[in-house]
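Only one chain comes next, encoded as C-alpha cells, the form predicted alone.
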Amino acid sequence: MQASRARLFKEYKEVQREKTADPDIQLVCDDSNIFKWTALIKGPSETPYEGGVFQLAFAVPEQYPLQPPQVRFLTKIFHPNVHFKTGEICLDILKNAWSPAWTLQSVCRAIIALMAHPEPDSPLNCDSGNLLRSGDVRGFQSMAKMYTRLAAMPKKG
C-alpha cells in the first residue's frame, strides 16, 4: 500500500505541475482519500461529444499501479463501450491490457480516444452498438449528440 500511495502522490504532483499542459483533462484528487479521484474530460472535436464536459470517477486499488483503477462515467453518455446506467467503461487497458506504465492522466487520454473511436463489437450499451454495427452512423450520432447536450453541456440561463 505504501508503494501505491507514493505513486499516487507522484502523479498528484505531476497533475499539479502540468495543469495547463493538457486542457482537455482536469484530474482532481479527493481531499481526504488519495485513492479516490475525479476527472473532467472534454468531448473530442469532430465527434458527437464535442462541446461536452464529462465527469469520471476513479477508484484506485491499494495494489495500484500493479492493478488498474476502476473508472466510470458519472455523466450520462450514449456510447457503445459505456454502460448507460452504471457508467462502466469497456476498455482493454482497464482490464486485461493494463500496465503499470499507465497513469491516471494517460487513462483519461485513452478514454477520450475511445470516445472518438468507439468499438461497437464489444458493446456495454447494446442500443448504441447495434446502431453502429447496422451502419446507422447518423442515428448513433444524433442520439449521442442529444445526450451530450442534455447531460454534458452547461445549462444556459
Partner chain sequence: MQNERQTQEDGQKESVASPTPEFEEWTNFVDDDIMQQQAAVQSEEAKKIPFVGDKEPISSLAAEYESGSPILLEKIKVLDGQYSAIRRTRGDGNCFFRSFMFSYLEHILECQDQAEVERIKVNVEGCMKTLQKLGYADLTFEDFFALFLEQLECVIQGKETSISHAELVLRCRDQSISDYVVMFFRFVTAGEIQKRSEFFEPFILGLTNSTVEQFCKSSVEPMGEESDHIHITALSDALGIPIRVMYLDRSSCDNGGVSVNHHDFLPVAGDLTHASCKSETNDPFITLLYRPGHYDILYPK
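Because the structure is a prediction, the values reported are computed rather than measured. Residue numbers count along the first chain shown, from 1.
There is another form of this protein, the form predicted together with its partner chain, and it is not shown here; the text below is about that form.
Considering its partner chain in the model of the complex, the lone stretch of 28 to 36, 52 to 60, 84 to 92, 128 to 136 in range is 84 to 92 [heavy atom distance within 4.5 Å]. Proximity of residue 99 to its partner chain in the model of the complex falls within the 4.5 Å heavy atom cutoff. Residue contact check for residue 14: one or more of its heavy atoms lie within 4.5 Å of its partner chain in the model of the complex. In the model of the complex, its partner chain lies within 4.5 Å of some heavy atom of residue 3. Although the partner is absent here, residue 47 is not a contact residue: none of its heavy atoms lies within 4.5 angstroms of its partner chain in the model of the complex. Along 54 to 68, residues 64, 65, 66, 68 each place a heavy atom within 4.5 Å of its partner chain in the model of the complex.
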